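Below sits a lone chain in structure tokens, taken as the form predicted on its own.
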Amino acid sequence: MIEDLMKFVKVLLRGAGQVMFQGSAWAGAFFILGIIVGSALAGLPQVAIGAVLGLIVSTVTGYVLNMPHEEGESGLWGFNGILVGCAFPTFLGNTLLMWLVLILCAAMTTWMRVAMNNVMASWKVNSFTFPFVFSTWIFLICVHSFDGLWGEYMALPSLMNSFSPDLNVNITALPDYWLKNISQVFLIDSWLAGLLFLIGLYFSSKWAALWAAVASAVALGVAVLFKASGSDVAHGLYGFSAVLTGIALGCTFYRPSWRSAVWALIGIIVTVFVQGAMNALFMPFGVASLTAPFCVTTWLFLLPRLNIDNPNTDVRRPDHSHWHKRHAMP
């Protein structure tokens, strides 16, 4: 009984780790710790509760639907669910109905991932976090149709972009913004959480930690250079998708080399512009673009199937932790 419970906990932790392509229980443990710390500091403990609940629900759904256990053991049932669990308490009011739709949405992501992967298999890419994105969009947009769901923390629908005052770019503020780019992968606005996420990545894959750090810095530089909204940049909202793109292109689907590094850097820069475009696109709906900029950009950079230093031939599944172990940085 205890052995089965420990095995289940390890599956859950791997599910948390797979958000950043890490099939590592240690990475997942640091990610969950970062969520707990960040949500507590923000006075929103329900975000941490939602993250754990979403992770459990999506993972259990995989068992109930008798999906391939190899995928479950790698954490592939849980990574979309934990993001749903972070998103709902972040944007919606803390009500019973919110928790009910969180459970429904987290469960949906498990079979939506399989469905989307089946469609995309012929293109030799996978759905990444898009099951989370698409299902969460459905419930956030429908807030405008149901009084029972309270979009307490959602932006008001608008056709105009309102820019905040200029960004503080002094040397003491930049590290804070840099780490928040990483923490916002889980919708957490905390430099400390970002540091814990980076440590978790380091324990799993030094390459992944390096590319998360580089992607965050590059995205921050691009956003500052092109004068994105100061408030959004300060809270990491122009960097989190770029962080995922950097890990995906820099060391997950391509072997680290100077050619793949150049390709990844271009992808990171493009992600920032896709982020801005999608932010404007969804402004009239009052919903966030979530990790859609990462999904769209990474698809665009993987679909050409360019032979960049012998890219990994199996890009249909995001579990490449075995590859990282063989090619870890010295």
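A residue's number is simply how far along the shown sequence it sits, counting from 1. Treat the numbers as computed from the prediction; the structure is a model and nothing was measured.
Separately, the form predicted in complex with a further copy of the same chain exists; it is not shown, and the next lines address it.
Contact with a further copy of the same chain in the predicted complex, defined as a heavy atom within 4.5 Å, is made by all three of Ala115, His144 and Ile266. None of the heavy atoms of Ala173 is located within 4.5 Å of a further copy of the same chain in the predicted complex. For the chain shown alone, Pro304 is a contact residue for a further copy of the same chain in the predicted complex, at least one non-hydrogen atom being within 4.5 angstroms.
Residue contact with a further copy of the same chain in the predicted complex: Ser260 places no heavy atom within 4.5 Å of it.
In the predicted complex, a further copy of the same chain stays beyond 4.5 Å of every heavy atom belonging to Val169. None of Val272, Val57, Cys295, Ile32 but one reaches within 4.5 angstroms of a further copy of the same chain in the predicted complex through a heavy atom, and that residue is Val272. Only one of Ala42, Met67, Ile36, Val52 lies close to a further copy of the same chain in the predicted complex, with a heavy atom inside 4.5 Å, and it is Met67. Partner proximity in the predicted complex, defined as non-hydrogen atoms within 4.5 angstroms of a further copy of the same chain, places exactly one of 199-207, 76-84, 219-227, 182-190 at the interface: 219-227. For the stretch 269-286, the set of residues having any non-hydrogen atom within 4.5 angstroms of a further copy of the same chain in the predicted complex comprises Ile269, Val270, Val272, Phe273, Val274, Gly276, Ala277, Asn279, Ala280, Leu281, Met283, Pro284, Phe285, in sequence order.
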